[in-house]
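The chain below stands alone, shown as structure tokens; this is the form predicted alone.
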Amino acid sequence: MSTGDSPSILKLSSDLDIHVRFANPPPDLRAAIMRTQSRLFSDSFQPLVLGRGSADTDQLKNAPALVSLELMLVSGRPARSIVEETNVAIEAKSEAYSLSLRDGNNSAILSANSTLGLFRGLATFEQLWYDYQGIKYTLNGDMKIDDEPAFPYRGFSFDTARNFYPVSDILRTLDAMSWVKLSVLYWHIIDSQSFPLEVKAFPELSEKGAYSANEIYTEDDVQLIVQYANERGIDVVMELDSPGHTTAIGAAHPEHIACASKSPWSKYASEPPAGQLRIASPTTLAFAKTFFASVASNLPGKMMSSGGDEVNLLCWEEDDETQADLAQRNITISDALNQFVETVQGVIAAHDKTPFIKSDMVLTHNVPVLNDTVVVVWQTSEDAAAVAERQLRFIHQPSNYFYLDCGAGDWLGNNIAGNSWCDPFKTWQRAYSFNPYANLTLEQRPLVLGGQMPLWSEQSSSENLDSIIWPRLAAAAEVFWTGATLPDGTSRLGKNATSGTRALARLNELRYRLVDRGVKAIALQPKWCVLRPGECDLDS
């Protein structure tokens, strides 16, 4: 970003026009422009300084006004919709944009190679402006921003199985994600506790496996959510976690589940209830193949996950049906696990999607995977190097940096002294301190596609969704959009990186903007500190 020699206040004309300077702009871009125009004048956020907007009163009196924003495509090819641009392969996305506001010019210019890039630029343009008594203005009316993400994959992993979230919660979250330029919703939609996904090939799964008839994501719900996400530049990676975390399938098909609800659960599963797919059974393998195909056929994106974390070998060892199938087929449980993963990855690939898998499948169980597989590194950040040694692409989701649910205490009953397994609470500063290239060679760096923060919902629901996600999720959004270097050329992880005058100031402003738009983001500091940037730093 470059700015003029001295700050210059610029007002936003109440008659601002946003002009599209290319032929046949797609409807979803036009809809995005309308949302931008609406938010520009409905936002009421004031600067976070003493006196708030009143501090700028004198300068506002004679400030010039911006009357138009011109949108331009510089690629020279016909404009594709935001949805189409969002659903290309992850490595092919074009999100770069250039935004120019020049002193003395009453028009701003936003240009990009794609409508997706224009959409990212609109998000930036919206957040340049403050409000004072209905006047919209920016403190720097002379700037040029050339911006693009360091990583294409910038995500939020959302568990909607352990506790159900209404569709409206998901849509609100997608809106907020788009404002911080996140690009992926990784949707953990089923688990051992409930099966809230309507599957065309097996409607009985949700009919019997969901918490109630009112806690199901219908096919129409899924299409609505995916379309809504895509129109906001967000791809959807649906995770059908398997072969573990599948006990809820047994409500409709007990024949496919080993050690179902077996006690003590802690011996057979990572959390209750115990149960996982009978991977040695040809019938179960055929079921999984049809199941994945049925879901994949309704998803337009180019990515899909089979999960694969936390399988329990003892569950299969003590399951008579599994042992009988292994003996009849003269194979080991490792052979059966390899075949299961090969089968579901084959289905994903056959539907023109890149398969995702959890890191313990690769590192603990040494399961062979397709060459284009993306590994989700989740147990610890230290595992990234081991995945890179296998020359597999991956995303970061380390529990020691990014888990939003850590630090809330144990949710298990009869455990007075219990804490969450991933204590302590992961602060925004902890997330922001993450280095995506730690312990990787220069040659391995291209294997990093980006990363995501997950919310596992054992202790979350609609009532605390916003506050547990926001604004911490925005810290990871900056990590993976910005990379190693800030727009001013300094290191993102340099001295005083999380100071109240640097990253914390940006996050505080983002938090207040989210609240202004109806997102119940939690406060990071007392307001006294927020209005005095840096004065509450540890060394102040």
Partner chain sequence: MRFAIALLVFVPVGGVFGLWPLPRSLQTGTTALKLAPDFDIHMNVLHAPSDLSDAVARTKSHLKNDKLGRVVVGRGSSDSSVIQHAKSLASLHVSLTKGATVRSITEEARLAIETRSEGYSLTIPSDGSAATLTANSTLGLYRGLTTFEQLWYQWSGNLYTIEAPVTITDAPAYPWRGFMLDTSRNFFSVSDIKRTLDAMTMVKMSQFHWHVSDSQSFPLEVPGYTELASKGAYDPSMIYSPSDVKDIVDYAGARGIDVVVEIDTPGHTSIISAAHPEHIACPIASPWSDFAAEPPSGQLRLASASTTNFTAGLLSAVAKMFPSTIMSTGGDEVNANCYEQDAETQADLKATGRTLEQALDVFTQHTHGAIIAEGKTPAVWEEMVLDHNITLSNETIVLVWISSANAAAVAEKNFRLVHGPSDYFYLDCGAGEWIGKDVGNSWCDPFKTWQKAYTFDPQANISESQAHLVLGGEQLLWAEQSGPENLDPIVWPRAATSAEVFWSGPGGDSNEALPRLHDIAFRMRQRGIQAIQLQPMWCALRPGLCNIDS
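Keep in mind that what you see is a predicted model, and the values were worked out from it rather than measured. Positions refer to the first chain, counted from 1.
We do not show the form predicted together with its partner chain, though everything after this point is about it.
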{"query": "Partner contact for Leu16 in the predicted complex: its partner chain, 4.5 angstroms, heavy atom", "finding": "no"}
{"query": "Lys136, heavy atom within 4.5 angstroms of its partner chain in the predicted complex", "finding": "no"}
{"query": "In the predicted complex, Thr36 touching its partner chain (heavy atom, 4.5 Å)", "finding": "no"}
{"query": "Close approach of Ser261 to its partner chain in the predicted complex, 4.5 Å, heavy atom", "finding": "yes"}
{"query": "Selected contact from Ala484, Ala63, Val515, Val67, since only one has a non-hydrogen atom within 4.5 angstroms of its partner chain in the predicted complex", "finding": "Val515"}
{"query": "The unique member of Asn106, Ser294, Gln227, Ser467 whose heavy atoms fall within 4.5 Å of its partner chain in the predicted complex", "finding": "Ser467"}
{"query": "Location of its partner chain contact in the predicted complex, chosen stretch of 409-417, 334-342, 86-94, 231-239 [non-hydrogen atom, 4.5 Å]", "finding": "409-417"}
{"query": "Residues within stretch 513-533 having a non-hydrogen atom within 4.5 Å of its partner chain in the predicted complex", "finding": "Val515, Lys520, Ala521, Ile522, Ala523, Leu524, Gln525, Pro526, Lys527, Trp528, Cys529"}
